[in-house]
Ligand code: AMP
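Below you will find one chain, with nothing else, as C-alpha cells; this is the form predicted alone, and questions on how it binds or moves follow later.
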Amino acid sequence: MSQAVTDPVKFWAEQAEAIVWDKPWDTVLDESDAPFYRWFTGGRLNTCYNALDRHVEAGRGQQPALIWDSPVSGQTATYTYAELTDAVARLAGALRAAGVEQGDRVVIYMPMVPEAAMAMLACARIGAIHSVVFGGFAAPELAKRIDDAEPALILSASCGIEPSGVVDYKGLLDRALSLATHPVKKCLILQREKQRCALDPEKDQDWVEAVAAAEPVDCVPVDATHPLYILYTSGTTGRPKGIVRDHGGHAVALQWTMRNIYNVEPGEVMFTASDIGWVVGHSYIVYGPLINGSTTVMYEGKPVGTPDASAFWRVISQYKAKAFFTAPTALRAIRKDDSDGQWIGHYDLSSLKAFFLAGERSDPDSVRWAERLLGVPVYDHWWQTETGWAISGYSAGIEALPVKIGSAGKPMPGYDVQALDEDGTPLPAGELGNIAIKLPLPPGTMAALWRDRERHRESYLTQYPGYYLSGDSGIVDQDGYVHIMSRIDDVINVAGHRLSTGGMEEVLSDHPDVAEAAVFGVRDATKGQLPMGLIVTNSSFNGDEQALVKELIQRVRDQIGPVAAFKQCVVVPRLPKTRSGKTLRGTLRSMANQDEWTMPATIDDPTILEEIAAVFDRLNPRAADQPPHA
C-alpha cells in the first residue's frame, strides 16, 4: 500500500482495472488545476453499469443484490441482481419521461426502502446528479438544499415509519417547496400503505404508475469527472455545504475498499446499519457492495426499540453477514440496554468475521465489550463526508494489522496523514495537533463543493497550503496509528495546556457504569477554560449518582492528571445527537456558557436539549430576561 503514496499514479491505475470503462482515461492524476486535483480525466464509464448490469452479464443475475429488512413495517424483500437491474432501468425510464436529462439534479427525500436505493442508481444510470436528503429532515433545511441543488425533479414517499410513529414526508416536502425559491415542477411519490397521501395533479405523479408506464433505458456513459452526487453537510454559516463526488474515482476507490478494507468478496453479505441520507449509506449500503458484486442489507429500524437490543444480531444471523458496519452511538445504545450482552447469545453469528465502527470516536470500553462478546475483531476507522471512504483504518483483506484500541488504525492508500501545529509544522509522534492530509487526496474523495470553489478553498485548503485540513485534532503515534481525539474546536486550553476532550471522554466511558460521555470546555476567568462532563449511565445502574460523579472526577485526575482541572461532571438522561449519531458538543458548549444558540437542524430529538437546559439552569441559573436560545 505504500506505493499509493510513493507512486499514486501507478497504484490507482492498477486499481482502476477492476472497473469497466467505456473509454480508458487519458490522465490518471490531473494536476493542471491544483490544488483542485482530478482523477482519470478523459475516461468514460457509468457507475450504475458497474454496480448492476456487468454482474448480470457475468452470470450473477440470480444472486441476491439487495435485501430489505424493515421491522418498523413488518416487511422484508430480496432483489436479485437481475431484478434490481430491471427495476432501476424502468425507474430511470420514468425519470427520463419526466424530463430529467444528463447533468440535471434530482433530490431524493425518502425513507429506508428499496426504492430509495433504486432512485440513486437510476440517476446514475442516465447521468443525472442525485442529492439525497435524510428522510424526515425538517422542511426549512430541505428547502435550503432544494434551493442550492436546483433539482429538476424530487423523488419522495408518502411517509416514513419510526418506532415513535409515522412521519409525514409528503407534508414536510410540500412545506419545503412552499419555502424554497427554486420552482420544482414535478415530484414522484411512493405511496406506503402505512399512510397514503393526496397527490397534487399539477406536480405529483404516483411512483408505481410512472414506472409501470415507462420504458427501461440503458446506461449512459459519462466522463469520469462528471458529478455522481451532491451530499450536503452542515456548514458553519447556516448554509449547507454540497460535497460533490465524481463517477470515476468513486467507483475505483469503493471497489478497492470492499475487498481490502472490509474483506468482502463478490457473493458475500455486508450489513451496514446506517441510512442512505449519510455518506456511510451512500458508500456501503448502495454503491460499494453492489460495485463489488456483493449482497447488501438495507435495514429500516433502530439498534434498540425495533423491537429490542437484539435487532442487529438478528439481521446478521438471518442473512449470514460477513462484515457489519455501524456507528459507535448505535453500539453504545445496544450496550446500554443489554450491558451483559445476553441477546448476543440468542443468535448464530458464526458468519460474522469483522465489526467496523465509524462516525465519531469509538470509546475503548465499548470496543472491548463488543470484542469480548462477539469474538471477532472490532475495527474503528476514521473518515468523513468529504472523503467518502476511510482515511485511516485496518486493511482486513490484506493483512492482520494488530488492533490498537483507542486509535482509528493506520492511513489507507493515498492518505498522507500528519498532525500539524498552528504554523503548519509536523509534530513529533504522539503530540496532539491539527490533523491534515497532504495533497492530492486519493480517488473517491470530494471533487468540489457544489458551485462554490472559493468556499472549498477557504474551508479545507487555505490554513495549510498543500494540505487538506480535516477539522479534527489528534495524534499520529510512533507506530503510525492515527488517534482522532475530537474536532479542532473541541480542544480546550486549560491554563495554557492544550487538552483533548476525547481523552477525558475515554476515561469516563471506561467506567463500567457509564454508557456514554461528552466533555467540552466552558469559560473560566482564571484558567481560560475548564472541562465539563456529561454522562449517561447504563440502564442497569441503580447506585448513588453523587458517589459515581465523585469517583469519575478522581479517575480523570488519576489518568489525565491534575492539569485537566476536571471538577464538573453531571449525570443526564441522554445526550443530544445528530440524526447520524454525532454528539452535539458545540451546542452543549454554547448552552453551558450561556451563549446564544440555535436548535441544530440535524438534531435527532429536540426535546433532549430541553432536558439538558434544565440541568444547566440548576448549575448556573440564567438571568430572568435572558432567552434560552435564539
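Start at 1 and count along the sequence shown; that's the residue number. What we label the rigid core is the largest C-alpha set whose atoms superpose within 1.5 Å from one form to the other. Predicted model, so just to flag it, every value in this text is computed and none were measured.
Only in words, not in the display: the form predicted in complex with the named molecule, which the text now covers.
*Asks:* Considering the named molecule in the model of the complex, find the one stretch among 482 to 490, 191 to 199, 536 to 544, 92 to 100 with heavy atoms no farther than 4.5 Å from it.
*Replies:* That would be 482 to 490.
*Asks:* In the model of the complex, is there a heavy atom of the named molecule that lies within 4.5 Å of any heavy atom of E505, even though the partner is absent here?
*Replies:* E505 lies outside the contact set for the named molecule.
*Asks:* A408 near the named molecule in the model of the complex, any heavy atom under 4.5 Å?
*Replies:* Yes - in the model of the complex, heavy atoms of A408 and the named molecule come within 4.5 Å of each other.
*Asks:* Residue-level contact is defined here as any heavy atom of the residue lying within 4.5 Å of the named molecule in the model of the complex; does W450 satisfy this criterion?
*Replies:* It does not: once the named molecule is placed as it appears in the model of the complex, W450 has no heavy atom within 4.5 Å of it.
*Asks:* May I ask you to state whether K170 is within 4.5 Å of the named molecule in the model of the complex, using heavy atom distances?
*Replies:* No, K170 stays farther than 4.5 Å from the named molecule in the model of the complex.
*Asks:* So which of H282, R105, H381, K241 gets a non-hydrogen atom within 4.5 Å of the named molecule in the model of the complex?
*Replies:* Looking at the other structure, the residue within range turns out to be H381.
*Asks:* The named molecule isn't shown here, but in the model of the complex which of E115, D148, E516, E386 has a heavy atom within 4.5 Å of it?
*Replies:* Of E115, D148, E516, E386, the residue with a heavy atom within 4.5 Å of the named molecule in the model of the complex is E386.
*Asks:* Superpose on the rigid core, then tell me if the C-alpha of Q529 is displaced by 2 angstroms or more between the shown form and the other one.
*Replies:* Q529: C-alpha displaced by 2 Å or more between the shown form and the other one.
*Asks:* Answer yes if the CA of E371 moves 2 Å or more between the shown form and the other one after aligning the rigid core, and no otherwise.
*Replies:* The answer is no; the displacement is under 2 Å.
*Asks:* In the model of the complex, the Cα separation between Q529 and G424 changes by 3 Å or more relative to the shown form; did it shrink or grow?
*Replies:* Farther: Q529 and G424 separate by 3 Å or more in the model of the complex.
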